[in-house]
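Let's start with one chain on its own, the form predicted on its own, as structure tokens.
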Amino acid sequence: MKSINLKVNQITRVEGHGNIVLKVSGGKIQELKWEVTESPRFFEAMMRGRYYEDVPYLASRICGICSIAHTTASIQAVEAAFGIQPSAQTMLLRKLLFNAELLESHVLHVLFLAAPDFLGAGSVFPLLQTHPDIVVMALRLKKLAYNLAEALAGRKTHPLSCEVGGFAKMPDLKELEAIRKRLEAALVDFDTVVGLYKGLRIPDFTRETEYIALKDAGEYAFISGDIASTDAGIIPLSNYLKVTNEFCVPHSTAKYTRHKRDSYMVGALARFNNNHKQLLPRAQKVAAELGLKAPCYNPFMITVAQLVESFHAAEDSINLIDQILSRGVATEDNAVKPKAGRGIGAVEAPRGILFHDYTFDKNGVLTNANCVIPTNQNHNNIQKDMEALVPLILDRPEDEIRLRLEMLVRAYDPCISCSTH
């Protein structure tokens, strides 16, 4: 009759501070919690009273990893409030910029944060000795994603050029052409990552839940579409509050969410389960090679879904650059006429669906804001996954239980600080 008193203070290889608590007495679970201990952040309050031009630049500071996602969602919310329809050129550039962020973030998680667990290392640093080529390749891929974002927005973290209505500066086409060649080479690098992950043992654990993501009839959705649920079908973006249903729990400074079940998942696996048929051919092939089939109910496969999405984003970026090079770029008039109104923006940040909801007065000053963060939406699902997983592994050594729970949390690639709103 096992007794365990396990507490992981500030789990490593995730963004922010979170704890795992497990107490077992006489073979029975007495306490099991995923604790978020970050101090609350007040970005919505800081946005209020700001002129619309300032809001996206402030919103980008919510996250240093997902700055482009927050900027894009923020701009979309402003445009929706003012009735602005971005041009075809702007949409091409935004999609390409978004791919840059997705690639950088997924490489960070797949190779720097998650891979050490599967390779028996405590961090990426031992891999410099055992897998030096993989580490160098990961750095090369991250640099490519950063350079693509820099070409489009001035910088990856807290982008400068994207603004309400379009872009303040057009990219250099020769620079994009050079990056296109590097993206072709990146597909070969990602093939190497697939070979690595084929040899790794992904934990066999399943728990069916609700999967929520954006869905667009025309493409694998990242910055457009309605809300899609594997339980409820298509839901208008205007009803996002009826989907998220945020609530507080005593052990977390981040709110929880739930919809049709007691929890739901957002992120790469949720996107795959909702939109897998819209992946580009190479990504679909990789999914089949890695045994990722929809519906997939194993949260440890989130990392595999991220790798599949990396192929899609790289291939899509090549296609987008070809379109941009073919049509050229022209400076556009991004003049904005503010008016009173409410607008909702939604994008698929690397970690899942992100909502920005703004209300403006007639002068274009923000009077109300609400941001619902992807990891905020995943916390409840992490808790429910832990509750289902622990009884299955309770007979194992305590160190193995600890590692498996850490791996589960890391699989979600949480951005914990950003979730405490």
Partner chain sequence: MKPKVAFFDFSGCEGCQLDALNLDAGDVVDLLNAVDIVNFREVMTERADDYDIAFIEGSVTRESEIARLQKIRSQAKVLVALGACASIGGVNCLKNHLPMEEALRIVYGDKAGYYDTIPARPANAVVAVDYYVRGCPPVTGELVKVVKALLLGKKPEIPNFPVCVECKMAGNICVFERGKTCLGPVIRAGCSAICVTSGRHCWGCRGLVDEPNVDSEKDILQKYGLTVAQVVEKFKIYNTYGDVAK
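Residue numbers count along the first chain shown, from 1. In this text the structure is predicted, and so the values were computed from the model without any measurement.
Beyond what is shown, the protein has a form predicted together with the partner chain; the following relates to that form.
> Consider the chain as shown here, without its partner, and state which of 340, 329, 294, 249 has a heavy atom within 4.5 Å of the partner chain in the predicted bound form.
It is 249.
> Taking the partner as it appears in the predicted bound form, which of 203-211, 261-269, 219-227, 115-123 has residues with heavy atoms within 4.5 Å of the partner chain?
Looking at the partner contacts, the answer comes out as 115-123.
> Looking in the predicted bound form, any heavy atom of residue 31 within 4.5 Å of the partner chain?
Answer no; every heavy atom of residue 31 is more than 4.5 Å from the partner chain in the predicted bound form.
> So, residue 38 and the partner chain: in the predicted bound form, are they within 4.5 Å at any heavy atom pair?
Residue-level check for residue 38: yes, a contact with the partner chain.
> Is there a non-hydrogen atom of residue 386 within 4.5 angstroms of a non-hydrogen atom of the partner chain in the predicted bound form?
So residue 386 does not count as contacting the partner chain.
> Would you check, heavy atoms only and a 4.5 Å threshold, whether residue 153 touches the partner chain in the predicted bound form?
Answer yes; at least one heavy atom of residue 153 falls within 4.5 Å of the partner chain in the predicted bound form.
> Just to make sure I understand: among 40-61, which residues lie within 4.5 Å of the partner chain in the predicted bound form, judging by heavy atoms?
Residues within 4.5 Å: 40, 41, 42, 43, 44, 45, 46, 48, 49, 50, 51, 53, 54, 57, 58, 61.
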